[in-house]
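Next up: just one chain, as structure tokens, the form predicted on its own.
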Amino acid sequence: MSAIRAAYLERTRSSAGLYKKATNLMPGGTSRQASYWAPYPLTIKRGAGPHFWDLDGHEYLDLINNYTAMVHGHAYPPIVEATRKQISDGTGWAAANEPQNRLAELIVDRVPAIEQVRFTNSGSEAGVLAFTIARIVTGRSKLLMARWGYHGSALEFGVGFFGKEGPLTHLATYNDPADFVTVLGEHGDDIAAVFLEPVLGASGIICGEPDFLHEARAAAHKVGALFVLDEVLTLRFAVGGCQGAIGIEPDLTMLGKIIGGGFPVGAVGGRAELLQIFNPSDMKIFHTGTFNGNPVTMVAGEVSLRELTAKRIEQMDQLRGLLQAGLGRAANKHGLPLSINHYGSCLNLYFSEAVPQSSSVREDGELIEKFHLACMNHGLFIAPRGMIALSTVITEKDIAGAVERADMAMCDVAAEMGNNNVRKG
């Protein structure tokens, strides 16, 4: 057995025991694919700031922060205080609440293209809602997205994430405006909307070229389709999201993650005329949800957005640079090939001489799997695919500690691979 795997099994016996029970209760022992890895995932007991602890009492420096959602780390005191107060006043009712107004106003003020907003309970729901709006407004039934893009787990988007087309889904190549123009030219009469991320998140932190995004928007509008920008992840990169930074105005914007302050959330924002299809006085489609605009989520999101200032965004970017440089030195020290994609406070690691087109088609599967387990053995928590997302509460000292732990993990990986020409791997 791999020494790295054996060490993981030895130190996480409580997680192993709970996972075994979970497999009898849930398919595969989980309700979330992204939180599973072989041989079994950790079970986390509690978190505070940039750290959390598992059932066996081991401490971890969290470098993924629930896939970017916990932008202020765990149990952030201002969010804890605000939600505790709201919980004591009630957690939900079938009527309006003040926090929903305040969060909506914050979003409208921050994001240039958003005039009105409609809340959901996840980014996936936001994707479904945006597609619904586009279909109702245009009278068309299909969408166009980037191959290996990610807009949630709905079937129409899920096939595209795996690089396949579906009955309602056309694909084109990211950062290739000519390919989008071609597909729209062939199928434009059927396409209700073009969905794009300004930075591909799940596919490896691949930055969209501004010219590409502008040209894709123009091509969508030329055939009468809506242009939807998915900022569920990327709102963390600038006060007004990537759209504000690059000066592009989508028809609709998908939001999620950080606007919930650690609670389930999603939203679609855009021009008021598009969102009027939900107006009860002239309703074109019925859309509701027991927990849409939930007051606890709304107060947490309000704090999260207010606290995510331009200064703190810049500080996270700077710390990401320090981490990236340290990881590069560690890999070179141990003779491991390492390529890194990055944007803002996020990055993605590849143990290869060059980054692939997508994390879905990478060739370093054995190395990244070993490194992921080795990191956890040394108290460093990253995504199994090598993605890292920093938080506002991480410090330069934490970054130094992360580099030290990653160095030890890389040492374990190099030793296990026998260091035999691993740069060819």
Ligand SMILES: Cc1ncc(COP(=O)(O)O)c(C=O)c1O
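Start at 1 with the first residue shown and count on from there. Fair warning: this is a prediction, and the values are worked out from it, not measured in the lab.
Although it is not shown, the form predicted together with this ligand is what the next lines describe.
* Asked: Using heavy atoms and a 4.5 Å limit, would one call His151 a contact residue for this ligand in the predicted bound form?
  -> Yes, contact at 4.5 Å.
* Should Gln116 be classed as touching this ligand in the predicted bound form when contacts are defined as heavy atoms within 4.5 Å? -> Contact check for Gln116: no, nothing within 4.5 Å of this ligand in the predicted bound form.
* Asked: Might Val228 be said to contact this ligand in the predicted bound form, defining contact as any heavy atom within 4.5 Å?
  -> Taking the distances in the predicted bound form, the answer for Val228 is no, it never comes within 4.5 Å of this ligand.
* To do: Give a yes/no on whether Ile133 approaches this ligand to within 4.5 Å in the predicted bound form, heavy atoms considered.
  => Answer no; every heavy atom of Ile133 is more than 4.5 Å from this ligand in the predicted bound form.
* To do: May I ask you to choose, among Gly269, Gly123, Gly241, Pro250, the residue with a heavy atom within 4.5 Å of this ligand in the predicted bound form?
  => It is Gly123.
* **Among the candidates Leu349, Leu143, Val232, Ala220, the residue which, in the predicted bound form, approaches this ligand to within 4.5 Å (heavy atoms)** => Checking each option against this ligand in the predicted bound form, the one that comes within 4.5 Å is Val232.
* Taking Leu319, Asp398 and Arg405 as the candidate spot, are all three within 4.5 angstroms of this ligand in the predicted bound form by heavy atoms? -> Looking in the predicted bound form, the three residues Leu319, Asp398 and Arg405 all stay beyond 4.5 Å of this ligand (heavy atoms).
* In terms of non-hydrogen atoms within 4.5 angstroms, which of the given stretches 251 to 259, 307 to 315, 277 to 285, 171 to 179 touches this ligand in the predicted bound form? -> Checking each option against the 4.5 Å cut-off leaves 251 to 259.
* Sequence-ordered residues of 185 to 199 touching this ligand in the predicted bound form, heavy atom within 4.5 Å -> The one in contact is Glu197.
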